[in-house]
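Okay, here we've got a single chain as structure tokens, the form predicted alone, with questions on binding and movement later.
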Amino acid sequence: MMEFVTRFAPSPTGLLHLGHAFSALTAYEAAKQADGRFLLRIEDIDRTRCKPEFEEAIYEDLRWLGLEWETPVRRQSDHFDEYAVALATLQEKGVVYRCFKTRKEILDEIARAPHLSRKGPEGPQYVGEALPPKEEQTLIEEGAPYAWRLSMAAAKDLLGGEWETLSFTEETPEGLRTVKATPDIFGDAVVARKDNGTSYHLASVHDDALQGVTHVIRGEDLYHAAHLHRLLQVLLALPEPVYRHHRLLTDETGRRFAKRDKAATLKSMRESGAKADDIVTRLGFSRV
């Protein structure tokens, strides 16, 4: 029987809130029920917004809730060299290109031809192409910033018939179902930048495979990411996990919890005298 391995992978860009607690407990309980393993991973590739104090708060909050995890904890900012290798693989396969256009330039271009750019999970579906080699080299020598974009057209050509059969497995309360993957809903997704050698998508897919994650359990706001992640897994010859996307927790007004909602942070609740048992029960779990 295959070992069950799942993870909770927060970004230390703020304090954890009730929504994070629900997600962490969901994954933790799933691992317990399957007699499997639960990992904690710190996704801190955003070196501007991620702060050490928020990372320490993550550990404190999760311990308070009663969670335990394997050590050492993988911190993504320690592994940019590994993501560079994954990016190099995509480069060698000819499925990525340098895009020198700024966000404003892209939005202006889309505004001129909105019928060519449908809305995707991360905004308009921008599709571009590599510049002529001489023009690209000039911009590189000038130090111009750029993003590495995954060319959906090149990926489709490379995969051939496999593109049409691309799919992922989603676990639901009714059982497993096969979902046809349509990664082109993202347009040519950014997988890395000149000043940041990876993206959430590339680093997450790489680390899930490296850490042997068999079940990716996360919020339904990341459901569409599975379409793109499945493509990256195929391009990088990585194993396919099972996905489970849980509901998102909301406040009494129906609004999703966010890091800016200070009253909903676990730290503020703990400091105001809340008991971990009460929080766990409130979220629908037994004491872990």
Ligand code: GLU
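Numbers follow the displayed sequence, beginning with 1. Keep in mind it's a predicted model, so treat the numbers as computed, not measured.
The form predicted together with the ligand exists for this protein as well; it is not shown, and the discussion that follows is about that form.
Peer 1: Where does the ligand sit in the predicted bound form: which of 215 to 223, 59 to 67, 247 to 255, 32 to 40, heavy atoms within 4.5 Å?
Peer 2: Only one stretch qualifies here: 215 to 223.
Peer 1: Give a yes or no for Ser11: in the predicted bound form, does one of its heavy atoms lie within 4.5 Å of a heavy atom belonging to the ligand?
Peer 2: Answer yes; at least one heavy atom of Ser11 falls within 4.5 Å of the ligand in the predicted bound form.
Peer 1: Indicate whether the ligand has at least one heavy atom within 4.5 Å of a heavy atom of Tyr200 in the predicted bound form.
Peer 2: Residue-level check for Tyr200: yes, a contact with the ligand.
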